[in-house]
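Presented below, as structure tokens, is a lone chain in the form predicted on its own.
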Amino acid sequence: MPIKNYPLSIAPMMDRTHRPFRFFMRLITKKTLLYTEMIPADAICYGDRDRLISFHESEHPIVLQIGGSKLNLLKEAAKIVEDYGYDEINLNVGCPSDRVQEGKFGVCLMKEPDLVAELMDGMQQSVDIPVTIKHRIGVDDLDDYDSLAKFVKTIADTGCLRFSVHARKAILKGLSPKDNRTIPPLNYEFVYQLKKDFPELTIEINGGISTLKEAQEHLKFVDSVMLGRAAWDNPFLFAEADSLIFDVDSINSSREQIIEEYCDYIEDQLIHSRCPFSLLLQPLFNIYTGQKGAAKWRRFLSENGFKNKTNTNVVKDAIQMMQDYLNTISD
């Protein structure tokens, strides 16, 4: 199935791109492509599927990122994901955590391109929605451009059309997952070269990109840009994404309007789901990043947010606190 190009996406992030955060981001940007956290194939096949992979209709377009290396489980999980209504499935070949390596999936699979090709082909044969891949520019000593290009060609030969490329290699021994996000140097030129060498593919760049202006610069060389931690640290950054990147009208809501809409979602989830109040509050902490009073806002939610776990009064009190504070400093 042909894929649709989305010039901007929010990267899959463990403990970050969960359902509440994705819903929250949809109140800010309607067009940006959203990803789930990486979810293991065996969890999808044998776990609590509704808890793991159900999502709100407003989250479209949305991609489920899957992890695994067992063909039968990936094929079965892919069918389940398709039945749940996801727009795409994305195979994780980029995560460097020890737990992921022990399960033989994530970035260690870059050392076995033929196996990855088999997995991608199997999933593509099992579903009608696109199956894409996210990987690094290299792993350990396998870090030259020729090896990267060979990996991409091997996977592209299965029919995969979108490659989301984290422009850092991974170092599996000696660096923590956190360090692997920052210490290996960025090499955007490798990703740009992939687009030149494989013009028929959709090449998306990821790694160290923190503003929409930077995204626009990268779009001169690749098809799409993926922002990760910047979205979590400063979600309102995406308030201009629809107009600047997708050339459509932005939602044009204030932070306060977004928070109030999100409060309705929190109340609904408290009634109809098992989602804990602490998780529902998480997306709100950084909504004022870069604004006066941002630290006071975070501190207020931290100190008061978990005392009352049954309603959103604490959020409304936080809004009032911010308004009072801003009125005080403007006098």
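The numbering used is simple: start at 1 and walk along the sequence shown. In this text, all values refer to a predicted model and were calculated from it rather than measured experimentally.
There is another form of the same protein, the form predicted together with a small molecule; it is not shown, and what comes next is about it.
Annotation: in the predicted bound form, residues Lys30, Pro61 and Thr202 none come within 4.5 Å of the small molecule through any heavy atom. Put simply, of Ile266, Ile44, Leu284, Met38 only one has a heavy atom within 4.5 Å of the small molecule in the predicted bound form, and it is Met38.
Contact with the small molecule in the predicted bound form, judged by any heavy atom within 4.5 Å, is made by just one of Pro130, Pro184, Gly228, Gly138: Gly228. Taking non-hydrogen atoms only, His18 never approaches the small molecule to within 4.5 angstroms in the predicted bound form. Contact annotation: Gly208 falls within 4.5 Å of the small molecule in the predicted bound form, judged by heavy atom distances.
The closest non-hydrogen atom of Gln124 lies beyond 4.5 Å of the small molecule in the predicted bound form. Heavy atoms of Ser224 never reach within 4.5 Å of the small molecule in the predicted bound form, leaving it off the interface. Picking from 48-56, 30-38, 268-276, 292-300 the stretch near the small molecule in the predicted bound form, with a 4.5 Å limit on heavy atoms, gives 30-38.
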